[in-house]
Ligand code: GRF
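Take a look at this single chain in structure tokens; it is the form predicted on its own.
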Amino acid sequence: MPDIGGAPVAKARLAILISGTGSNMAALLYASRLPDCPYEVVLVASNNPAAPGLALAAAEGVPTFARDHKGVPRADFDAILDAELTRAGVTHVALAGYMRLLSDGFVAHWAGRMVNIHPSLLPAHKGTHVHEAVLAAGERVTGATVHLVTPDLDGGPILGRVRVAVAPGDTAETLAARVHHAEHQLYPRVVAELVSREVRPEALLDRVRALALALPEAEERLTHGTPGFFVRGGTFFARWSANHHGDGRTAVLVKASGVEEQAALIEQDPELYFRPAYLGPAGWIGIRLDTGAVDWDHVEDWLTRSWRASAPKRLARLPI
């Protein structure tokens, strides 16, 4: 396995949606202050302007947004909320006692990047009145589950669970209190694991590799010790770059039309594009993958364009 470098990884930008006290929000927020946490909380939003958790977030210097959902159609309210998330540059969303069903469109937009925590060992006891149901069933063990949000209520893929014993004499209130403590341990850890999968260099390389090798007759081999992608019978059309000579960047390098386009791209968006060492004079451009959410459609377009510039004539005209 080649060394893909140790470039610093940009933190995921997490929004937390609450409707009440936001104790799980607080757990996520304070965990984000630890030096090795891979996410930062950039917004706390609520459908209840009186939610106590908003005051806590504001006191900690976290931007907040609140709007009463009453009288606003669900899809319209979610569009307002989504606009706030976009404005804050959010990459992931965590529900923390958000007591409002989300529209299918909102859920689809954040698919794979939005999580919720539920006070049972899912798939058991979906919905509300969970602790009463556990006690009524005579169960000896309950717990908490973090799952991806899908249109199926409490039915998304499970990312993590923690078990909590049901003690003799437990009431719904005493059981809920212990499960709540368990939630606060579980939620930050699972969110950190989720966002790390998507932003660590190995995961980014896997995404680039899948897109590059999906192109006709594309192959991979090492070039100067790092992965590169070429067209059979042609030349390299993409190269991986991670902390090259300590530059701190994780990126994919592709072919622009020349140094003039390269310069124009960098002037247009210097946070996204850069002139790579060695390949820069030949008109290659670096596309950063470590600045937050990656526009993978944009990366795919560039890989395809660079592939065409590198492919032999018998392939370059293929519709892809």
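None of these values were measured; they are calculated from a predicted model. Just count from 1 along the sequence shown to find any residue number.
Beyond what is shown, the protein has a form predicted together with this ligand; the following relates to that form.
Chemist: Spell out, yes or no, whether the shortest heavy atom distance between H118 and this ligand in the predicted complex is within 4.5 Å.
Modeler: Answer yes; at least one heavy atom of H118 falls within 4.5 Å of this ligand in the predicted complex.
Chemist: In the predicted complex, is there a heavy atom of this ligand that lies within 4.5 Å of any heavy atom of D78, even though the partner is absent here?
Modeler: Taking the distances in the predicted complex, the answer for D78 is no, it never comes within 4.5 Å of this ligand.
Chemist: With a 4.5 Å heavy atom cut-off, would you call N24 a contact of this ligand in the predicted complex?
Modeler: Contact check for N24: yes, within 4.5 Å of this ligand in the predicted complex.
Chemist: Taking this ligand as it sits in the predicted complex, is H180 near enough to touch it, meaning that at least one heavy atom pair lies within 4.5 angstroms?
Modeler: Result yes; H180 sits at the interface with this ligand in the predicted complex.
Chemist: Could you work out which of P227, G97, G156, P188 is the residue within 4.5 angstroms of this ligand in the predicted complex, going by heavy atoms?
Modeler: Partner contact (heavy atom, 4.5 Å) among the options: G97.
Chemist: Go through 243-251, 110-118, 191-199, 160-168 and give me the stretch that gets within 4.5 Å of this ligand in the predicted complex, heavy atoms only.
Modeler: Going by heavy atoms within 4.5 Å, the stretch is 110-118.
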